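Read the single chain below, which is given as structure tokens and is the form predicted alone.
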């Protein structure tokens, strides 16, 4: 399953819920969700721990729009809109977390 998160981890618990419940699959961070992909944030350690079982992606244009593209946590794969489409096509199911 592809988990799509568009809210900051400081605003909503969506990322924590995914990290606690998802045993496999991938996370795509978009919009304000990309703040979770930056170094030094409050959820960085939990996200890194999850990378053993979950692949983590962040949408590059949203990182650029928020001025944090140069602070992406090691292990997070940055994708463009074409990568977003590819991820949705690769996974049988997608869940958008609000």
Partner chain sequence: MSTIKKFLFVNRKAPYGTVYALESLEVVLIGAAFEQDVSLAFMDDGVYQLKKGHQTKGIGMKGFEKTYGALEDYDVTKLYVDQESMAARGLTPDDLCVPVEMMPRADMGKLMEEQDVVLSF
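It should be emphasised that the depicted structure is a prediction, and the values quoted were computed from it without experimental measurement. Numbering follows the first chain given and starts at 1.
This protein has a second form, the form predicted in complex with the partner chain, left out of what is shown; the following refers to that one.
- The partner chain is not shown here, but in the predicted bound form it comes within 4.5 Å of a heavy atom of residue 10.
- Using a 4.5 angstroms threshold between heavy atoms, residue 56 stays clear of the partner chain in the predicted bound form.
- Although the partner is absent here, residue 65 is a contact residue: one of its heavy atoms lies within 4.5 angstroms of the partner chain in the predicted bound form.
- Residue contact check for residue 39: one or more of its heavy atoms lie within 4.5 Å of the partner chain in the predicted bound form.
- Not one of 25, 84 and 92 places a heavy atom within 4.5 Å of the partner chain in the predicted bound form.
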